[in-house]
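Before any questions on binding or motion, here is one chain by itself as structure tokens, the form predicted on its own.
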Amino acid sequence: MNFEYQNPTRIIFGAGNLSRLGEVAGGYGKKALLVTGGGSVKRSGVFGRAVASLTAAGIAYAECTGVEPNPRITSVARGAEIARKEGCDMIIALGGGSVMDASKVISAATLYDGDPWDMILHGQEHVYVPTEALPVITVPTLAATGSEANCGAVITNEETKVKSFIQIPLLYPKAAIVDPELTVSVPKDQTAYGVCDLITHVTEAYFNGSGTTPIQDRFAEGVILTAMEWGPKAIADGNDLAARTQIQWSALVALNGWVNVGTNAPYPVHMMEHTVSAYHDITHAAGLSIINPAWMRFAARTNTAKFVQFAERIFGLKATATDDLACALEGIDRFEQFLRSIDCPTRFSELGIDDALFETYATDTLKIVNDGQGNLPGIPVMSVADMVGIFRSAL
């Protein structure tokens, strides 16, 4: 455990706080680029309420609409062009993780004359690392990615079928207005995907962390248990604000750095899923819910003690020893059963994906991240053959 931790994002959490958007935005500029997705924020009335708050505070705005569920670099470029043309001096992301991720990159792309894809890690390097960006305010309308309070963004190049990321301190949002009331209109399937997404953020660090991190383990287990308790309640009754609130907070803390600080963990499940969804444009968490249990069964044979701990602490199982593989695998089975219980897919066939591109997914994943020896970092490291085997086990 040798680390630095700082999260500069100001978090304004609680029901009703959307009304404070204008007040908060007034500290960063006079005209905002308001970035949104497919239109649900307008249908639900959230957009109108946001605009009313901005208008009351004397904040003008321009719009960038239609950001895709797997945000594309073309949308980033379009947003940056609108921001330049309209003279925007800040970015407001009003939507889910994709909208927030796109907004972060738009904030830097607005001040960059080159191709925004230069900023995204590909071929294990950034062509350009931005040094300036417009301030970003995030207003999440979905509990899932935790993008509202971290410095990462995942973007897809639809032309090359590459989905990769940028993660630099410059892209931390200045403020996050996290209002659980904004999530009550989220459909059951997207609510369930959000629960899966936030849990996977936690399990990545939990199972791939270096060294001994007992406090981080307890943080992680607390987030998982909370999500498993309150997630089904939010899915069953979308108007259950108490459940929505707990899931919203769980999603935020799952990826704001608290849980994974000191673990130095790679995120192999995410890396593999990014490649799959780059080819098939599936919902990110749907891919995670398929790949994560399959990867767990592979990794448990190497990192058995940690999976036994997971089985005992999350599901109350009793192991005969720290190397009780049967107990570890039973814990993974229980986790997969939970995902099924909230109607998340656990097999590629459920999404109409066959094995035709399994080797392509594996080799393309290594083009984004590898350990210099042809393996995907993680515990354990994975070769192309290992990844193909994981994909095949989830067919």
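Don't overthink the numbering: it's just position in the shown sequence, from 1. Just so it is clear, the model here is predicted, and its values are computed rather than measured.
There is another form of this protein, the form predicted in complex with 5,6-dihydroxy-NADP (NZQ), and it is not shown here; the text below is about that form.
- None of the heavy atoms of residue 203 is located within 4.5 Å of 5,6-dihydroxy-NADP (NZQ) in the predicted bound form.
- Residue 297 falls outside the set of residues with a heavy atom inside 4.5 Å of 5,6-dihydroxy-NADP (NZQ) in the predicted bound form.
- Put simply, residue 186 is close to 5,6-dihydroxy-NADP (NZQ) in the predicted bound form: some heavy atom of it is within 4.5 Å.
- In the predicted bound form, 5,6-dihydroxy-NADP (NZQ) sits within 4.5 Å of a heavy atom of residue 67.
- Proximity to 5,6-dihydroxy-NADP (NZQ) in the predicted bound form, taken as heavy atoms within 4.5 Å, picks out 269 to 277 from the listed stretches 320 to 328, 230 to 238, 289 to 297, 269 to 277.
- This chain lacks the partner; the member of 250, 98, 138, 107 within 4.5 angstroms of 5,6-dihydroxy-NADP (NZQ) in the predicted bound form by a non-hydrogen atom is 98.
- Proximity to 5,6-dihydroxy-NADP (NZQ) in the predicted bound form, defined as a heavy atom within 4.5 Å, holds among 91, 177, 76, 142 only for 142.
- If you take 31 to 47 and check each residue for a heavy atom within 4.5 Å of 5,6-dihydroxy-NADP (NZQ) in the predicted bound form, you get 37, 38, 39, 40, 43, in sequence order.
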